[in-house]
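Just the one chain here, laid out as structure tokens, in the form predicted on its own.
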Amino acid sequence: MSDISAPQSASWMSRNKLAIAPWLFLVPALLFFAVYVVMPIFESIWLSFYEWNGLYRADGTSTATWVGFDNYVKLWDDPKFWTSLKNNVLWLVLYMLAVPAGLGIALFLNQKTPGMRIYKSLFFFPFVISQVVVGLIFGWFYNPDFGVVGQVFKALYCEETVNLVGNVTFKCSGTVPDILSNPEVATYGIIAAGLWPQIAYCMILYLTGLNNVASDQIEAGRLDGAKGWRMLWFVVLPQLRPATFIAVVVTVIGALRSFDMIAIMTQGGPFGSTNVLAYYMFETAISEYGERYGYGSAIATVLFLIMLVYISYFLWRMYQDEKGGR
């Protein structure tokens, strides 16, 4: 779009300054994005066709060996890869609980009652703390010796006795649950920890959306006899579509790139049962016992392609919504 106020005798720069101005701000960001995001993606894909331990020869040449699609063939027969992929799907399914949970909390907090600001601050708190801190907190929470889970179990199923010396012992009717050491439930425990800050994030999105809900539509719905679930479904939720869209996109991406919680709470254990693709890639390629950069790049490429499918779909939906709103 050219500047119609500029005379035709003016320079090309003056006549097109309105079209050029946005690019002057975008070019630095696009340059950094290309160098630090786009180029590493293509380099990782290229490296996935090699077998390389990260070393170079004395003359500076790489020791990488071209193996073609061998790394991807090995992935097909790798049980750890399929366990990681299954856990990613589990993360994706259960992580979506953050969207309705965030909506429910936002509806509760969107009331004009005394002390509601304090409640909003308390529910907002998990969002501002680091994922590492969340992992440490829930690691202590699940600890069978001094954690909340262990203490509750002892209070319900154990009998406390004191001997003559004064030592306290517990006689329990069962074994104190150690969630993070049980391969069958450890992944669920980590997902529950991850849901805590994710629900807070979705709650913030919905609180912002509820502030923009048209009051006249609410009043019209009440005049038509809508209340409760009918009011929520037919009047409120349609106006929260933008917030829901963003909440779903961010939640899906967060589930697929889950790494921090696993690295802090279990390091992929026990016996690799809590691995996801992101952590398995780290463990294979750049951890202390890894140095299989080609194989790790193949895992990263698979994860990238999965995320690319979701992101492309969401971008297409966003484009269709923008196109329909014009």
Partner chain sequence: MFPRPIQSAGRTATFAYQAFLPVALLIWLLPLLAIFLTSIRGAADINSGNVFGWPSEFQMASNYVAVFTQSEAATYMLNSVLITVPTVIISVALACLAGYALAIYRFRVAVPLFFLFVAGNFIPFQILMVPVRDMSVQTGLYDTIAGQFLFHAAFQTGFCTLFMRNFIKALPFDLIESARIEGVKEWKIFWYVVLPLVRPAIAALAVLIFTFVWNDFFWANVLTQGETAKPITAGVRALNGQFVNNWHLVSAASLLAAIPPVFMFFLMQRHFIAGLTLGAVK
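Just so we're on the same page, rigid core means the largest C-alpha set that superposes within 1.5 Å between forms. If you're wondering where the values come from, they're calculated on a predicted model, not measured in any experiment. Numbering follows the first chain given and starts at 1.
There is another form of this protein, the form predicted in complex with its partner chain, and it is not shown here; the text below is about that form.
Visitor: To verify the annotation, which of these, 73, 155, 129, 93, has a non-hydrogen atom within 4.5 Å of its partner chain in the predicted bound form?
Guide: Going through each option in turn, the one that passes is 129.
Visitor: Flag residue 99 as yes or no: does it have a non-hydrogen atom within 4.5 angstroms of any non-hydrogen atom of its partner chain in the predicted bound form?
Guide: Taking the distances in the predicted bound form, the answer for residue 99 is no, it never comes within 4.5 Å of its partner chain.
Visitor: Contact with its partner chain in the predicted bound form for residue 122, defined as at least one heavy atom pair within 4.5 Å: yes or no?
Guide: Flag for residue 122 set to yes.
Visitor: Given that its partner chain is not shown alongside this chain, does residue 264 nevertheless sit within 4.5 Å of it in the predicted bound form, heavy atom to heavy atom?
Guide: Residue 264: contacts its partner chain in the predicted bound form.
Visitor: Please tell me whether any heavy atom belonging to residue 301 falls inside 4.5 Å of a heavy atom of its partner chain, as the geometry stands in the predicted bound form.
Guide: Residue 301: contacts its partner chain in the predicted bound form.
Visitor: Scan 208-222 and note down the residues that get a heavy atom within 4.5 Å of its partner chain in the predicted bound form; none is a fine answer too.
Guide: 208, 209, 210, 212, 215, 218, 222, in sequence order.
Visitor: Is residue 140 among the residues whose Cα moves by 2 Å or more between this form and the one not shown after superposition of the rigid core?
Guide: No, the C-alpha moves less than 2 Å.
Visitor: Does superposing the core leave residue 225 with a CA shift of 2 Å or more between this form and the one not shown?
Guide: No, its C-alpha moves less than 2 Å.
Visitor: Using a rigid core superposition, assess whether residue 318 undergoes a CA shift of 2 Å or more between this form and the one not shown.
Guide: Moves: yes, 2 Å or greater.
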